[in-house]
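One chain follows as structure tokens, the form predicted alone.
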Amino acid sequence: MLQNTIARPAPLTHARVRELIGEPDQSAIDKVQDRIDPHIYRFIAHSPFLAIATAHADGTADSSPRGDYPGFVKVLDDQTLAIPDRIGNNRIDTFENLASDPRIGLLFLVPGHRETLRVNGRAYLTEDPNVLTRLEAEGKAPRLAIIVEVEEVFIHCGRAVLRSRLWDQDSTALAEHVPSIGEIVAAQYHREDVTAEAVDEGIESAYKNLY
């Protein structure tokens, strides 16, 4: 079992963080926009993956992935995005959070691109057929979509991606050292009827139905 070996450090004040980090360059401030311009549109149109950050009214936070064909997130206009809800595990954590706190943060990635795209704003759910039809994939429309009203959008520098070597081919070898979802779930459940092999087989079967 993993155990704590050090005492929890005291949190730093905002003033102390600024003292340690310093002030941002003016360019880092000026790059923030309140709408989607043609260059940002091209980034979103080629992105097959994003992470969504939301928070519940009680203060608990959550981040979840979304992925599909490049450009699966549609730009409805220069301040509005639509994100399809494909089939998944039905936890709806993001939806429950948005019901009580509409604030949302998005992080878009494009494979091979060093920089990421950050979008902040407010969001709500829709089942408007006019929107859902635009989000079809493999001939199927999503059941719901998240509409994001953009308040901030900006490119984030590529240092994190460069340091992580995320797009290096050799990095894919790291997956060999990570337990399968079956191994993880079986260890957590502590039930004789839940085996790693059975879970992995079930997951592989489920992954054949992405839409």
Partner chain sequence: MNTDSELLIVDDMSPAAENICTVTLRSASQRRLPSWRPGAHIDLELPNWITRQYSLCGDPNDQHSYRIGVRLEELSRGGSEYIHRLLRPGTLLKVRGPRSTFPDRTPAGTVFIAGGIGITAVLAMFLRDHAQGLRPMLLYAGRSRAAMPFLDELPEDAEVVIAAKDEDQRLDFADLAARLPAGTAIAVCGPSRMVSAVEEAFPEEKFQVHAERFRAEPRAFVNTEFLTACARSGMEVTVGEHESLMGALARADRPLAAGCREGVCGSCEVRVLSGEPEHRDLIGAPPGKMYPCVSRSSSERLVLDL
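Note that the structure is a prediction, hence the values are computed from the model and not measured. Positions refer to the first chain, counted from 1.
One more form of this protein exists, namely the form predicted in complex with the partner chain; it is left out here, but the text below deals with it.
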To verify the annotation, which of these, R103, R114, K74, R118, has a non-hydrogen atom within 4.5 Å of the partner chain in the predicted complex? K74
For the chain seen here without its partner, which of 66-74, 160-168, 29-37, 144-152 has a heavy atom within 4.5 Å of the partner chain in the predicted complex? 66-74
May I ask you to check whether G88 falls inside a 4.5 Å heavy atom distance of the partner chain in the predicted complex? no
Is the gap between G182 and the partner chain in the predicted complex 4.5 Å or less for some heavy atom pair? no
Interface membership of R122, the partner chain in the predicted complex, 4.5 Å heavy atom rule: no
Should A51 be classed as touching the partner chain in the predicted complex when contacts are defined as heavy atoms within 4.5 Å? no
Flag this candidate site as yes only if T172, H177 and E201 all have a heavy atom within 4.5 Å of the partner chain in the predicted complex; otherwise mark no. no
Partner contacts for 12-43, taking the partner chain in the predicted complex and a 4.5 Å heavy atom cut-off: Y41, R42
